[in-house]
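Take a look at this one chain, the form predicted on its own, written out in structure tokens.
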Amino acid sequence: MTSHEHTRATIAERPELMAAVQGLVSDTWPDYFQSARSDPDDGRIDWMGLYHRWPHLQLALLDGDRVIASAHTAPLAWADEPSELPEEGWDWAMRRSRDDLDAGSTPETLCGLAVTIASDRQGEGLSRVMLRWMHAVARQHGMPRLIVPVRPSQKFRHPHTPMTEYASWVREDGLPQDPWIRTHIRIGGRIISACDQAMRMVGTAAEWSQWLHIPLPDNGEQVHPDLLSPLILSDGIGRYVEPNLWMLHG
């Protein structure tokens, strides 16, 4: 399937793209996303397992032979009211998708877990392409709703501001101040609620120093441009709780 010069493929269609897609993720996302441990670490949050469990729902956009954008998703047997989406966000979706699969439940909602754009191709509107594609894939596989625990792109500038307050900030035209939230709104998404404990991560102070590329103390609070809320260090252990924003498409 092509769009202009771009080619679309799922990992099910082209399994050989898995390494390139994961390479794009590794090159683009902060180190701690790939290295920090889930808190608690119960084994159900398995990023690489997405490729093997649901290859038809992992998307790659190519320019020639190069993967320039990707989207990762997971199916949920969830059909409750959007207002009942939990605070746990991303972590909840990862765990719930595993539980639903193990139980043999029929998926009813697709959760968008990540959209990744190559650093030299950002600003071309590819994020909108990937969001629309995710929604189309959801409908194609009998899931009329797409939910996304959105990671606002400018929230790091306001690490102490509650997500609900941050999401309410708008420009003069009434659209959200944050560019990533605004992108979702422009293609028909709507804000549901904050998920203030979307991701819980833990590591030693030494590990966080390596992931953030700065020296860190054993105790205290640390803000950093990669973090949407403060990292809390206590007795040599760093715990980070990332807030996201639930948004709904469809």
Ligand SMILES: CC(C)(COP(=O)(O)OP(=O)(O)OC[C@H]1O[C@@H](n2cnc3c(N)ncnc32)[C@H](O)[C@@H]1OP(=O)(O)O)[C@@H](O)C(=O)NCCC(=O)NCCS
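Because the structure is predicted, anything quoted here is derived from the model rather than measured. Just count from 1 along the sequence shown to find any residue number.
The following text describes the form predicted in complex with this ligand, which does not appear among the structures shown.
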* Asked: 176-184, 96-104, 162-170, 79-87: which one contacts this ligand in the model of the complex at 4.5 Å, heavy atom to heavy atom?
  -> 176-184
* To do: Would you kindly say which of T28, S193, S209, Q222 lies with a heavy atom within 4.5 Å of this ligand in the model of the complex?
  => T28
* **Contact assignment for this ligand in the model of the complex, among A74, I147, V115, A138, heavy atom within 4.5 Å** => V115
* 4.5 angstroms heavy atom contact with this ligand in the model of the complex for G125 -> yes
* Heavy atom of R151 within 4.5 Å of this ligand in the model of the complex -> yes
* To do: Residue by residue through 62-83, tell me which have a non-hydrogen atom within 4.5 angstroms of this ligand in the model of the complex.
  => none
